[in-house]
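You are given structure tokens for the same protein chain in two forms, set apart as structure 1 and structure 2.
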Structure 1
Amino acid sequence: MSWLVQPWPWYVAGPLIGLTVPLLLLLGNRRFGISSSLRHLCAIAVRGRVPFFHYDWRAEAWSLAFVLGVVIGGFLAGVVWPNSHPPQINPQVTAELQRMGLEATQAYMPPELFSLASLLNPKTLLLLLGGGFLIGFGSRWAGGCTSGHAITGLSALQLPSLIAVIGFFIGGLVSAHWLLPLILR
């Protein structure tokens, strides 16, 4: 059981993720991605009211099962079998987080942003909601999210996915180095 709760090395996890793409294509011409699942959920909820949601969402029901598996897997990994040895963060990153007013714990999610108590802070709540909206809008605008473009699109040698992935990286660098320090001041 310990092999399951420990972080897997990149040379195991990476190929397993990469092999998911051809497996999904072989098992029914399906594409790996998660952002389109929100559209399927909306099609279920507001069916018949919005023309954008007039399609057979049942044909894509497998992706909703995938999302459910991600949620269950995240719960099991984070709550039921949490890693007793959290990953070490680079000391330079720790110093930068402290300069931005974030506690530099040995976890990926600072409690100032990712805790139930932080949701009571209007600035934090606005930051999380605004960030979620921008990620959702950007994913629809780009025709997919990072996993869809970077894993499926690049493996299929699609130029639009290469452009999208380059844009994701540039946006991530700009956000991490310029926007986040401004927002957290």
Structure 2
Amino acid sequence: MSWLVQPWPWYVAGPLIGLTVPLLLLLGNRRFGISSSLRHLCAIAVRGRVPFFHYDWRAEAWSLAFVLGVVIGGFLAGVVWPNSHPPQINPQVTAELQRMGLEATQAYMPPELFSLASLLNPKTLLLLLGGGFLIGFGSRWAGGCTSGHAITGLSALQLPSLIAVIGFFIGGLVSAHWLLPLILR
């Protein structure tokens, strides 16, 4: 049973993630996409006072059930049966990250950015809040995130999704190589 707590290799995890696309089609002809849940949560909060959020979110409640499940799955895999060892990152990348001031790479997430104490640092708090903002704003503008465009859209050979994924990579490269070192310095 030890495979259950060991990190899963890409050739196990990837196909399982890919199967989410047909699974949601078979369950109810739904398009797999996680960022739309953020829109439904906003729609619940503003109760239709903004046109973009004026629609029957109840018809999309399956998406909220799905993300609630993701939280539960995270709890099972992270708290009840946590991974047996931290991600094995390329030593060269580890060295690059250390040059940016991130010491500990023996964890799932860098404590310098994601421990609760780190939120007391205004710079870290702003980085997380701002990064989250870009994710929410960008995914809605593009009409999807990694699940909706990179997995589902590319699987269905849709050109708009390819363009969005190219955008994801341009933005990610700029952040990782230029913005992040600038902010952490």
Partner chain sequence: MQQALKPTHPSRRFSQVLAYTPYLLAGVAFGVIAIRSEISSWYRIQEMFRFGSFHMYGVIGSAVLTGMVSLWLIRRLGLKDKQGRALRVEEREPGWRRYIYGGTIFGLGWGLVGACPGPIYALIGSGFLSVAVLLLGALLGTFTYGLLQKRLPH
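Here, a residue number simply tells you its place in the sequence of structure 1, counted from 1. Between two forms, the rigid core is defined as the largest C-alpha subset superposing within 1.5 Å. Quick caveat, the model's predicted, so the values are computed rather than measured.
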| item | value |
| --- | --- |
| Structure that is the form predicted alone (1 or 2) | 1 |
| Shift in Å of the C-alpha at Pro9 between structure 1 and structure 2 after core superposition | 2.8 |
